[in-house]
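Only one chain comes next, encoded as structure tokens, the form predicted on its own.
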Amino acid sequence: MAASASSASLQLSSPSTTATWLRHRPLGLSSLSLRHHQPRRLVVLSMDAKPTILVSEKLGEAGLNLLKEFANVDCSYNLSPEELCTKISLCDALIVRSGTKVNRDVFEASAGRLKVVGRAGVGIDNVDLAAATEHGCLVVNAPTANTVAAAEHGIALLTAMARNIAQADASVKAGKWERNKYVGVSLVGKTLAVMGFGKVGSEVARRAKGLGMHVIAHDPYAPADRAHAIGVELVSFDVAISISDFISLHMPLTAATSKILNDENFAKMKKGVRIINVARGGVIDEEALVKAIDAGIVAQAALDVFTVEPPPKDSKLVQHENVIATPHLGASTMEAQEGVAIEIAEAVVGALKGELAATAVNAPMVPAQVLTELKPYVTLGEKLGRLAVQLVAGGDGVKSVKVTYASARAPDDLDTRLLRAMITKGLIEPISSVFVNLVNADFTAKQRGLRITEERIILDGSPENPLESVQVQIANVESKFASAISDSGEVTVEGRVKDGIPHLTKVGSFEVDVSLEGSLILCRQVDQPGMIGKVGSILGEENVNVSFMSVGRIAPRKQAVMAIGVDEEPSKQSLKRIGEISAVEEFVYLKL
């Protein structure tokens, strides 16, 4: 059945520290976190205690109402950095806008409790993503709700600047009537360069096309087909700034884009160019812009964002007669404010519930439809990792793990990062105090010297399901259940999803079939009549419910492995009685 196989080694690289799970229940990314880890890790919160969410900047009522249905909500605005660090150790989630700096000090002060930071908006330059990842904290944003509002504000600034609306309004209110002074320029036929062709940039382009403008764009990551569909030509940075009549900025603030419009690049522009910025103030060197305006290179600028907000009252840029300034109003429509509040509230609550976040910015980006499809396989991966590590007897510890995915899908059509992260979670959490999630899985594995390799077996047939099976093998270890050692010498467990439920289908070289729910007892015994009844009777006497039972054997009347799924944990006495059955050669109890 197997047509070919390919192998890839997981390259792990992350910063140098990680968070230890200290006080409270893990509100993690696996939907199984609460049920499986709560007995060991719960110290302060009770099972029904609500998490605490700190909202440090104003959020729409609709979003706050969603949060309050699930959590205790602390709305504390205008906190100083010191006050934020003091509060954060009592919070499971933090929601900010652009005004709160969530730096390394905040994550360290949280002492491992902070699980989610929600940015109510698109940009996340005010959140230290490296520190968040080190501390296992998910960062989510609200990338869609304010897209149209920001684009509309960009167009508003574009048209207001072209027709001198702000200056003419101020003149009339000052009692003047200066029609000749405020002659504007037409937009029809002019070239607009959209710098950053993401959600907002592409919406600005659509609207500018409707105004009769010729639109070009620069974005090293934008797909050409999306630009062509809108009727926009993608060009290089230098071409964009050198031929345009208007330049509209829509890129994020990064090390690469910081002060990207500087003296050198202003000198490359067409004389009389006009600039709009509704992105981030830091992408423009503001002193250089003032010089460019005074030199006549830039005719006008319309700015909604500034390097320092609010800007100084004596700012030469703000006070310049050829500059229109607004106080960061890009997302400030009633509809956008409510939409952002709802979007970020849903993302934060979902993450705290253990749901997989499609808007995560420091975790593998997986589309929502793929998350839905992979959900049962994510559960399978974590449980297989949890089973495999509990089968290890000790020694030098787990250092080398191979994960094999069998699938009829092409390698490019199966992103295994999410699966790998949750297998890592299953491998590490049962033997450590570290809480592992999608964010910090690779970093935590590297820190603990765990090398994970991935192999894909490509199967013939229809790729209706993403995976046929997942196998986890741990090399160079002894096992507390000798039958878990496969013929090749590794602790081996394998499973698949049946009707949406994860099943264990192989232990060592023995085929079994048991649902991975509750916990599991593995017995190796002589294959003889009455074994299932004897074990079932012992468990029944203690009112332990058996959910599944499966027997895999070498041949009739030879050795067999019995896998028994149980809903409750048997007492030590009952486990001892199972071990004393004469035909039982070895057994192990495993918590899922």
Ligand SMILES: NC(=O)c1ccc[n+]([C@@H]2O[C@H](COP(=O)([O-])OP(=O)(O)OC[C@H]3O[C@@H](n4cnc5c(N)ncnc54)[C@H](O)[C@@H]3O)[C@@H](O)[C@H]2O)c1
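Numbering starts at 1 and runs along the sequence shown. All of these numbers come straight from a predicted model, not from anything done at the bench.
From this point on, the text means the form predicted in complex with the ligand, which you will not see here.
Peer 1: Does R386 reach the ligand in the predicted complex, with heavy atoms at most 4.5 Å apart?
Peer 2: R386 lies outside the contact set for the ligand.
Peer 1: Do H250 and the ligand come within 4.5 Å of each other in the predicted complex, heavy atoms counted?
Peer 2: Because a heavy atom of H250 falls inside 4.5 Å of the ligand in the predicted complex, the answer is yes.
Peer 1: Using the partner position in the predicted complex, report whether V122 sits within 4.5 Å of the ligand, counting heavy atoms only.
Peer 2: Contact with the ligand, yes.
Peer 1: With the partner left out here, check for me: in the predicted complex, does some heavy atom of D219 sit within 4.5 Å of the ligand?
Peer 2: Result yes; D219 sits at the interface with the ligand in the predicted complex.
Peer 1: Using a 4.5 Å heavy atom cut-off, which of 263-271, 503-511, 449-457, 122-130 contacts the ligand in the predicted complex?
Peer 2: Of the options, only 122-130 has residues within 4.5 Å of the partner.
Peer 1: Sort through G426, G495, G136, G330 and report the residue having a heavy atom within 4.5 Å of the ligand in the predicted complex.
Peer 2: Filtering the options by heavy-atom distance leaves G330.
Peer 1: Which residue among V439, I284, V278, A341 has a heavy atom within 4.5 angstroms of the ligand in the predicted complex?
Peer 2: So the residue touching the ligand in the predicted complex, by this definition, is V278.
Peer 1: For 131-163: residues with a non-hydrogen atom within 4.5 angstroms of the ligand in the predicted complex?
Peer 2: Heavy-atom contacts within 4.5 Å come from P143, N146, A150.
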